[in-house]
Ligand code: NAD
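Next comes just one chain, in structure tokens: the form predicted on its own.
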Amino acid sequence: MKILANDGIANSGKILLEAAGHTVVTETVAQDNLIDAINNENYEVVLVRSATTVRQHVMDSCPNLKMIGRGGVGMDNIDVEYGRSKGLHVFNTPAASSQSVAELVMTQLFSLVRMTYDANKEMPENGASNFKVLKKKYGKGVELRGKTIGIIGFGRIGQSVAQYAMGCGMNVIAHDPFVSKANIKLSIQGKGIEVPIETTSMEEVLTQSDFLSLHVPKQADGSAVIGTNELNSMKDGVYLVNAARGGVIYEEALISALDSGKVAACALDVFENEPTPNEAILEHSKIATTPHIGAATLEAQDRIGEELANFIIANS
């Protein structure tokens, strides 16, 4: 088959596909030209990440299309059910990036509590002239050990975050309407143990957490999971991390909560208006930002590429 990997694919996945006799093209086609490219080049498979969307009109306009693959977890840029109703294979790679996203969350947590995200900007400019002032400014960090992290969305990524958090000595509570219990597998010096966690109510997680990490998909109706009411119910001085999807946190309410001190600090890897985030978010002194890099590790990209390739090979 002829495959368009429009948002790229790891070389390991490309090698697997080509060894199986498939043709893989990785040159990016502009969204407005996607339909013409699929039809003119007779692509039977389109692989995307988060940049390219594949909606109903694309599927209806491309009769030779057989498969649509999403390298990653969230599939809100694809009309999944419609595609499947037309007999298309629509698939993703839900397990491939869990560890990488979880490690970014932990990176963000450490950065927030020690304010390194801000110190790394201040030191090059003012470190030589205001060293003592900055030392005092950033000398009010807190530790993660012994604190409670609430995880909203307890699928693969949420459970991976729980593994790392437990390793840091944090208490873990979680909410997920579709998961009642999970056994978190820990490995310590080659010895494995399992720790069962029963999920609890959203209210319990919001009111009892010192830190909150979100791992839920974009809501079908576009609503935020964390808005003004949810923020008001949290502990004073809570820390938030969103490495899930933009819009899961209502950004205007978040800014207000940061300005009032209700939220101590927040880390965002995703934004409401990607790829043009709100400048007020990017410039806020209490928000640590990264450009949607949760799955952007060499290991995760290899796993994603290989998982995509194996699915295509098995179903072609």
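Treat the numbers as computed from the prediction; the structure is a model and nothing was measured. The first residue of the shown sequence is 1; numbering continues from there.
One more form of this protein, predicted together with this ligand, exists but is not displayed; see below.
**Q** Any of the heavy atoms of Gly153 lying within 4.5 Å of this ligand in the predicted complex?
**A** Contact check for Gly153: yes, within 4.5 Å of this ligand in the predicted complex.
**Q** Is there a heavy atom of Leu186 lying 4.5 Å or less from a heavy atom of this ligand in the predicted complex?
**A** No - in the predicted complex, heavy atoms of Leu186 and this ligand never come within 4.5 Å of each other.
**Q** Would Val101 count as a contact of this ligand in the predicted complex, using a 4.5 angstroms cut-off between non-hydrogen atoms?
**A** Although this ligand is absent here, Val101 would touch it in the predicted complex, with heavy atoms inside 4.5 Å.
**Q** With the partner left out here, check for me: in the predicted complex, does some heavy atom of Val179 sit within 4.5 Å of this ligand?
**A** Output for Val179 is yes: heavy atoms within 4.5 Å of this ligand.
**Q** Name the single residue among Asn77, Thr116, Gln163, Gln219 that comes within 4.5 Å of this ligand in the predicted complex, judging by heavy atoms.
**A** The option sitting close enough to the partner is Gln219.
**Q** Find the only residue in Val225, Met170, Ile197, Leu231 having a heavy atom within 4.5 Å of this ligand in the predicted complex.
**A** Going through each option in turn, the one that passes is Val225.
**Q** Given a 4.5 Å cut-off on heavy atoms, tell me which of 232-240, 204-212, 124-132, 89-97 is the interface stretch with this ligand in the predicted complex.
**A** Only one stretch passes the 4.5 Å heavy-atom test: 89-97.
**Q** Would you confirm whether the three residues Val45, Arg84 and Arg303 all fall within 4.5 Å of this ligand in the predicted complex, going by non-hydrogen atoms?
**A** Not one of the three qualifies.
**Q** Residue by residue through 251-271, tell me which have a non-hydrogen atom within 4.5 angstroms of this ligand in the predicted complex.
**A** Residues within 4.5 Å: Asp269, Val270.
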